[in-house]
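A single chain, nothing else alongside it, follows as structure tokens in the form predicted alone.
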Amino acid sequence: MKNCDSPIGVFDSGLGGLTVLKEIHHALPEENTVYLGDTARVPYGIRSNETVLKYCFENVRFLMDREIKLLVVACNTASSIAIERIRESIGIPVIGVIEPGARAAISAAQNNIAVIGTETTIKSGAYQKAIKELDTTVKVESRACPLFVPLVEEGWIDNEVAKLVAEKYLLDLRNVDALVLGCTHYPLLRAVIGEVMGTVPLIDSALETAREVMSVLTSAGTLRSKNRQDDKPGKHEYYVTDMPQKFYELVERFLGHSAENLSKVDL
């Protein structure tokens, strides 16, 4: 039976969702969490919609078996393709990364918003649709930046190569009112992207998603910190479908600390 002590479930196609998890840990340190990284089948951004749906539901079943009270789809590709189908299939709140980012972009922008992400996320038009549903008058530009993910996973987040790639992708977008980082890897490139974009506000969907999690749990009365007499930090479990050692090595880059309770699983 799910209660306040039940964990928040988070899944991503790989490592990028750890940026969302980091913001959840920061905003809600008392909450228990379970993270699943489908590292055996990353990236989702190059898969067909049918394949992404299949993978997503296998991830969902794994996390639901752990009695989670809320699910975060911490993958822009999965959010763009599968979020509504997932919401229809399970009886707990489901939060993606696109809607929170779209709302924050509308709040920050006046006339012109740019969205960057994987090829699949951009082709899906999910961010464009979410933004237009909030304000039909806003112009939305979108651009796929496929080299950003391998740069992050290689650890090349602040060197000359990263800057040159960012300039190639972004220099002609510096006239927009806000730039949405439409991939969970991209916050790790925030410094380089910010240097290229100058004063343009950067919308971090990971941060906005964590705020949404707090809001939903508060409204549901299932926020763990509001229902305990102590302030002990939450417990965190990590699961991957492949290369646990590499995941362990990369966790510190994403979270700022090592990952205990890490296991490899088959879905």
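This is a predicted model, so every value here is computed, not measured. Residue numbers here begin at 1 and follow the sequence given.
FYI, the form predicted together with a small molecule isn't displayed, but the following is about it.
- When you look in the model of the complex, the only residue of 81, 131, 176, 149 with a non-hydrogen atom within 4.5 Å of the small molecule is 149.
- Proximity of residue 210 to the small molecule in the model of the complex falls outside the 4.5 Å heavy atom cutoff.
- Contact between residue 43 and the small molecule in the model of the complex is found at the 4.5 Å heavy atom cutoff.
- Under a 4.5 angstroms non-hydrogen atom cutoff, the small molecule in the model of the complex has residue 183 among its neighbouring residues.
- Proximity to the small molecule in the model of the complex, taken as heavy atoms within 4.5 Å, picks out 114-122 from the listed stretches 161-169, 114-122, 81-89, 135-143.
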